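In structure tokens, the next block holds one chain alone, the form predicted alone.
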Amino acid sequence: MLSTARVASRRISSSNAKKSFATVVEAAGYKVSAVDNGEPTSSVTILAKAGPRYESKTGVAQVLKNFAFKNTSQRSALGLVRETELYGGVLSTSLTREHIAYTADFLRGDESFFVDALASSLTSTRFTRYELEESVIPAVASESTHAISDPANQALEIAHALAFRSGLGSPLFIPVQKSDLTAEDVKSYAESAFAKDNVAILGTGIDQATLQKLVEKYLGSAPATTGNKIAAPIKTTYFGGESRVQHSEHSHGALQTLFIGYGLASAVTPELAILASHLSTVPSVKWSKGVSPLAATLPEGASASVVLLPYSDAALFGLLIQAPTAEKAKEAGKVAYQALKDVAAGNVKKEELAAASAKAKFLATAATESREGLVSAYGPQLISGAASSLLSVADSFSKVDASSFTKATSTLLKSKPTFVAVGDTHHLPYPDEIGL
């Protein structure tokens, strides 16, 4: 009876398995797609392939993200704030290493105003010098200072630079003293970044035909491109390396942090996702310790978080170790690396692999239940012209067996590791001290 229930619980209905955005259409030269499940609120995201990987000058992508929703030829920044609050909606931006997103969340029925607001920010931001100096640069400085003050963020920034050097290794957050970018630099980058063939427009909680008409109405007169095309990405190569960063005085008391990772110069594989699930210390039942090989062996007070960051042609996998003391961080690092070696040696039971595969499948499919997850999963595919469904994702996990899982992990560990230590570098371990 239990086995029957387990089989039934793993079935993915055909309607959910095929869940994706509606058929992609072109409207005013932009790729447009939407999915509407009858929600009372709607969301529209303009996604551009314009993250730091593609930037012409270091930091310009972060500055462009913070220039969103400022003065445009249609309305002032203050006017936009007042109108947005009048409608009860929310305008936001986000930045990843590959994409910039402008998003509007609003009550169903208010789509005309918010698509217009997004369109004007996309095509007619004025990029004034006084806004750059008085509003944007201070916002960038605050954002960067806050992000880098977290040793985990700092370790991941350094890890990307070591793993990929240029391209994906470009920083998400620029140093606060960086001030040589001009308003003209940002405008020039925006013209390239927001070219029609570099952008996808995605909607949730809105009918596809309605979104298509609004895009044609508000973006129909936009030129295909007003500047040079965005630079083609450098083919990703994984390098690896080691870096140690001493905490500054204001970071006294921060957790001692290690990152032990490896990169791939190819997209994330099902085996890597299953490895992440197998090692994850996040329990499936609240307040329990879980059955991860790491959970039971970490020293008291230490944590080990699995990091799996997928990109269009690469991936960064690793374990982020944090502990109150350097000694405990060293002990946790040894435990974490040993767990990886155990997988590479084939010391994973059949039922453990099955559980990890089921967890990876669940996490991949559950992620698309949220608006952010849908945009993250399908947005880049719309820009590139690719497409996939939950059914294909589920099938990919089902095809992983013990042999391919072990081989993938073993191959990963044969590459040069990316090792970062942030904290008390006089006492934090070196790679060879934890077995690397």
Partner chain sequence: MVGGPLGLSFASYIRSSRSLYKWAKPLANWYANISGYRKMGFVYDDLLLEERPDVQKALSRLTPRESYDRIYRIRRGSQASIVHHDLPKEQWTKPEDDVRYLTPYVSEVHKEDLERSKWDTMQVKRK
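Just so it is clear, the structure is predicted and the values come from calculations on it, not from any experiment. Numbering follows the first chain given and starts at 1.
Keep in mind that the form predicted in complex with the partner chain is not shown, yet the notes after this line are about it.
In the predicted bound form, none of the heavy atoms of E184 sits within 4.5 Å of a heavy atom of the partner chain. Taking non-hydrogen atoms only, Y87 approaches the partner chain to within 4.5 angstroms in the predicted bound form. By the criterion of a heavy atom within 4.5 Å, E83 is counted among the residues contacting the partner chain in the predicted bound form. Under a 4.5 angstroms non-hydrogen atom cutoff, the partner chain in the predicted bound form has R126 among its neighbouring residues.
The single contact residue among E351, D313, D342, E134, judged by any heavy atom lying within 4.5 Å of the partner chain in the predicted bound form, is E134. With the partner omitted from this view, the residue of P283, G79, P175, G301 that lies near the partner chain in the predicted bound form is G79 [heavy atom within 4.5 Å].
Shown alone, this chain has one stretch from 283-291, 137-145, 70-78, 236-244 that lies within 4.5 Å of the partner chain in the predicted bound form by heavy atoms: 70-78.
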